[in-house]
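To begin, one chain is listed below as structure tokens, in the form predicted alone.
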Amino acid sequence: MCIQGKISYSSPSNIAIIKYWGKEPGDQIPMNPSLSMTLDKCRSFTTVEYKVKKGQDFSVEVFFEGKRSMEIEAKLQRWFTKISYFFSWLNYTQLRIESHNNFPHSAGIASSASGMSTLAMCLSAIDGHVRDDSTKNRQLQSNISRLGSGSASRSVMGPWVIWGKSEVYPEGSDEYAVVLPELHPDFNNLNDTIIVVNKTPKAISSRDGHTLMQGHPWRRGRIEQANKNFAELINALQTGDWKLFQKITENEALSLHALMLASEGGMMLWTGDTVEWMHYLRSERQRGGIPMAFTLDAGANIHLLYPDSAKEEVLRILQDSHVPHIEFIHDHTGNGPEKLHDEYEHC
């Protein structure tokens, strides 16, 4: 057998409202269920050139933002070993991977989610060519994404996605993400303006941050809090309760960073501008009664969520602010990856 070709996908980042922070023993098993909104415009773009031929050795070259990255190659080598359980042809495949983002990398906008999910989509497509099977298996795509980055499991679908087991949502799984159906119309399309205050890569990675939860003194309480907020958020999304959504969204964001601050060594990712923006947004909301809620991933930059009905007022508030920032990235609810190119031939 010999197949060669070129496949390209783009895949979006996502913003978790119920946060994934901390793991159980095993391979990328979440400590608690998470619930996220898939974005649309903040994307990774990946092209994979490949040659699958029995008898040849596995090899991979990775180019990120135009430069070869030995660091990423080393990380992917471990991932390829894991997913060869699903894709045995990887053992005799040559790969050349090119990837880039259209948003800041490693600055708390879930670039690992978009990056790993877009690569998983490419490999899934190659698997379909190798096996001559065009069936799309979202569970498998989510599962192999998870093995590279937990949050990536949620980026292969949209608009609102659950990852992790829960008593209140038995359809959930620790191995793959599932779409939350039957949303209230008010939550079918939310705007997400990312307030970028710092583009510098984080001093400590999210992967290392997760390990700090293993012996965290608040671990048990966090699991209880996350499950309670998870159940209430599903209720808010299905009933259209904006005030409950706002309350949970900001509680989860602040709790995430409180967990970091209370970790061994005091993991601190906020800047002074981050804090000033949160105070400003809360003040403007209280003064005008505008429906908007902020959240943060593991970084300094703020995601501001709001419905279309508040868009004009929110954009005015952002433009009138004198709080320092680098840029605003305007995004909204999305539905997942997009295939950009697919060609292959038998060789």
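The shown structure was predicted, so the numbers you read here are calculated from the model rather than taken from an experiment. Each residue number is its position in the shown sequence, starting from 1.
What follows is about the form predicted together with a small molecule, which we do not show.
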Go through 206, 93, 274, 142 and name the one with a heavy atom inside 4.5 Å of the small molecule in the predicted bound form. 206
Could you spot which one of 247, 210, 75, 129 gets a heavy atom to within 4.5 Å of the small molecule in the predicted bound form? 210
Stretch from 235-243, 177-185, 79-87, 145-153 whose residues place a heavy atom within 4.5 Å of the small molecule in the predicted bound form: 145-153
Interface membership of residue 20, the small molecule in the predicted bound form, 4.5 Å heavy atom rule: yes
Interface membership of residue 314, the small molecule in the predicted bound form, 4.5 Å heavy atom rule: no
Counting only non-hydrogen atoms and a 4.5 angstroms cut-off, does residue 112 reach the small molecule in the predicted bound form? yes
Answer with yes or no whether residue 119 is in contact with the small molecule in the predicted bound form, where contact means some heavy atom within 4.5 Å. no
